[in-house]
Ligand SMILES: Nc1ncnc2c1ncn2[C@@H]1O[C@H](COP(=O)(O)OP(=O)(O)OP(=O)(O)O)[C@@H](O)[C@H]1O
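Read the single chain below, which is given as structure tokens and is the form predicted on its own.
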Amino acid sequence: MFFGGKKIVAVDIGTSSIKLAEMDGGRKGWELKKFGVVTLNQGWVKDGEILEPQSVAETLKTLVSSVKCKRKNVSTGIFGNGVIVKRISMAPIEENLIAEAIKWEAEQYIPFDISEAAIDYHIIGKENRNPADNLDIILVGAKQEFVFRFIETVESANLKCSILDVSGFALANCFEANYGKPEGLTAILNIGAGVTNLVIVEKGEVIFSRDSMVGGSTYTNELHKAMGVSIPEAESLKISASVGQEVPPEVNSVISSTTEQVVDEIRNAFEFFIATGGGGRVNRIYVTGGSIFIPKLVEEISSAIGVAFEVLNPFQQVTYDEKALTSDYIQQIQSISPVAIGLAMRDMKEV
């Protein structure tokens, strides 16, 4: 459906919070006009699945009201266990036949019932491709149940779910808007509360996207179990350690051992990329997400992968409305805003 001229609002529904972003784009680039964030109760969203859509919708309504958002057309992103992104190769075929052929190809790669999946695809390097060459395709499969829950949640908040993206792709959009299309392979790692998104891009194309079910809540849960404290107390201890405050020695010990688990998961994602024909070596890792401040986590990931890291700055080129947003606030949201910013860059004309 075509919604020419209508502006969207990005709604990033994560494991522990919802982020909302309004942006305007023009010849001078992108400008952030409004941004808001609200916390979600534990268990409302798990592994990318919205388990309490009505509660999340009510929280989203509150956020929309507090930000004074007037836009109704929403761009949101799915992630986690309910979505699979896979790079595949197909023999040359006429473009009008690809969609039907993809349905047959998808059955080999989608680990859930194909009849219960929503399928989409993107041709890599379409502009420079020789017609005789095989087609390189990014295949996306999502559980329809997950998709319906996102749509239901957004529309229960009196909004319209106009664009459903993949959170990893939105992350890549934000990266490109700020850093362009560097040569070689670049990894972008978004370490959130319950999920870590890994995206690998090459010359502006997403060639790999994978979510690992680890993040800040992994540390909270381990502290909860090891120290016999409540979840809120464990979260408080984790935050204290992350900002350099003094904590009991056992806290640092649990964080250190948990980091080993998290690093192993992320290393496995990189190894999966290599094993599935990714080819080449990643030149640099850009990191973001609310959990990158956990002591030594990013340094341990960089060491395990053998690649230098840099903290992603979503405002390297993207500007913000200085009348509505302060520089202090922008600094506060820098690590949690990239997915929402990437979602806000989607054009309604693409729909």
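Because the structure is predicted, anything quoted here is derived from the model rather than measured. We number the residues from 1 along the sequence you see.
Beyond what is shown, the protein has a form predicted together with the ligand; the following relates to that form.
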property: Three-residue site 33, 173 and 286 fully in contact with the ligand in the predicted complex at 4.5 Å by heavy atom; result: no
property: The single option of 252, 144, 81, 242 touching the ligand in the predicted complex, heavy atom within 4.5 Å; result: 242
property: Answer range among 153-161, 185-193, 135-143, 221-229 for contact with the ligand, defined in the predicted complex as heavy atoms within 4.5 Å; result: 185-193
property: Contact test in the predicted complex: residue 293 vs the ligand, heavy atoms, 4.5 Å; result: yes
property: Partner contact for residue 20 in the predicted complex: the ligand, 4.5 angstroms, heavy atom; result: no
property: Interface membership of residue 217, the ligand in the predicted complex, 4.5 Å heavy atom rule; result: yes
property: Heavy atom of residue 165 within 4.5 Å of the ligand in the predicted complex; result: no
property: Interface residues of 7-23 toward the ligand, as seen in the predicted complex [heavy atoms, 4.5 Å]; result: 14, 15, 16, 17, 19
